[in-house]
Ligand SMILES: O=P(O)(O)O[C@H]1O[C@H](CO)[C@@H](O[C@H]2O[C@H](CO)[C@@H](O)[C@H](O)[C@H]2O)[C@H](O)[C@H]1O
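What follows is a single chain, given as structure tokens, in the form predicted on its own.
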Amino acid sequence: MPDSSTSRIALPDTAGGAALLHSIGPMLTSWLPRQRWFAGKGRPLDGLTLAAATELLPVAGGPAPGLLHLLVTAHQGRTTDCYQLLLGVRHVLPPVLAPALIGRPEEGALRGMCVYDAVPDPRLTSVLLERLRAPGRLGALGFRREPGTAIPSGLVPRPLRSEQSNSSVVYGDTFILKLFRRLSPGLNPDLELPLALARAGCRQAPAPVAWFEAENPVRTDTDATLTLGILQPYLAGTSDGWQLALRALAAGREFHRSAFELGRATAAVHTALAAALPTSVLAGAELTAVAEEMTERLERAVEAVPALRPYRPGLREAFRAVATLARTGHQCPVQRIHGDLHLGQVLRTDAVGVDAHDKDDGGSWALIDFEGEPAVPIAERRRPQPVLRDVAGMLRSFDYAACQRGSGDRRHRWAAANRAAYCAGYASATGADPHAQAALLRVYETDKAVYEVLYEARHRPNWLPIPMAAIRRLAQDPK
């Protein structure tokens, strides 16, 4: 591999960088908006600028592929987003990689060559693993490895097909590399929080083994880096909580013990994060501001989804309860949390054996994907929050699962029983029952349900009745 002194693709402030973008820019302008992880769908792409370019494998004249790493800024009106691209370059593209083709430049140094998304190419994703095995800098990129970890060579890579806001590559059922596509300045919580948990001895989250990053082109004191990718252990043979819950519902099996143990695992993560990272309290004006932010989100949702209008008074009353707590001197502890917790963000490591014997013995739960909501700036995702926000997210997830299987009273009983078991498990580990803070728990459930209504109305109208059922319940007077 070339070192930074022999990189063939010049950085964007040079003529070479400008020539590169001029050559491949038209192809990228057409290809980017079609990717699932592109955030600006539905809005015209006005143009691209190149923030950084690094040649990970030289683009040569022979049959061997080249590998380019680009940081590209997409401009859409007043909105700009930075994206990470891994581009393969070949004279001839093998048929198996044909779906990854981006195009063939008509001019420039890459004229006539096949430029394609490199993630499906095992020959090129092997290069990333080798770079992570030997930490150091290459061009704009910095590769780092956690002390005391080992990364074997020769692990065969394969991309995961279920892509959303990121891309993932599994190496030999040993490691998984998450590649962030849309980048936000600052340390990504999906690296920061699992590192803190691992160093605190918490085993309920996979520990980062290695990662790579780049300097933020628009650098400030608080967001000097861009987290590009994280290598973690791959938990082979696991099932996520969503699939396990659906299978339990379909088979008529109980899920109470699993929900109880999941509550304990959540509590263990919260306890470790509170010990490892700074904590604070919300009180007075800050607590009032939380209620005002939630009320503003409700009003925007009501404008977009008229079905919410009959429930607006009851929902607003829930948020006013928080303002009342603030006036009476209530203090709400806040700390770092998962930020987007639901059944799809937890894995049970002994799920195969449990399913085979049709048992519900709780198992061993691990929390994953600490990134938070990708559409929210990292600075906001890193703000300390009440743990009840995570608890509320999981409670809403039990409601969602119940609505996928079963009907009527059975569905409601299943959801209620598992919501109660989850909170009981949490209380058994911390001594603090989430239900003891009923007003705050209701507020965070309400805020989550309002978000769900807006999301489902825009993306999955057939699912809208699920959060609307929660809205009807939450809008009622809790007394």
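Residue positions are given as counts along the sequence shown, with the first one as 1. Heads up, when I say rigid core I mean the largest set of C-alphas that superpose within 1.5 Å between the two forms. Being a predicted model, the structure only gives us computed values, none of them experimental.
Another form exists, predicted together with the ligand; not displayed. Remarks below refer to it.
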Taking the pose of the ligand in the model of the complex and superimposing the surrounding C-alphas onto this chain, would you call the site open or blocked (blocked if 3 or more ligand atoms come within 2.4 Å of backbone or C-beta atoms)?
open
Heavy atom within 4.5 Å of the ligand in the model of the complex - residue from T225, T324, S165, T279
S165
State the residue from A214, L343, A196, L249 whose non-hydrogen atoms include one within 4.5 Å of the ligand in the model of the complex.
L343
Just checking whether Y400 would be counted as a contact of the ligand in the model of the complex - the rule being heavy atoms within 4.5 angstroms.
yes
So, in the model of the complex, is R460 in contact with the ligand at a 4.5 angstroms heavy atom limit?
yes
Please check if G393 has a heavy atom lying within 4.5 Å of any heavy atom of the ligand in the model of the complex.
yes
Contact with the ligand in the model of the complex for K448, defined as at least one heavy atom pair within 4.5 Å: yes or no?
yes
Among the candidate stretches 116-124, 334-342, 76-84, 315-323, which one is within 4.5 Å of the ligand in the model of the complex when only heavy atoms are counted?
334-342
Hey, with the ligand in the model of the complex, do W242, D369 and P374 all fall inside the 4.5 Å heavy atom range?
yes
C-alpha of A427 moved at least 2 Å between this form and the one not shown on rigid core
no
For R199, is the CA shift between this form and the one not shown at least 2 Å following rigid-core superposition?
no
Kindly check if the Cα atom of R297 is displaced 2 angstroms or more between this form and the one not shown relative to the superposed rigid core.
yes
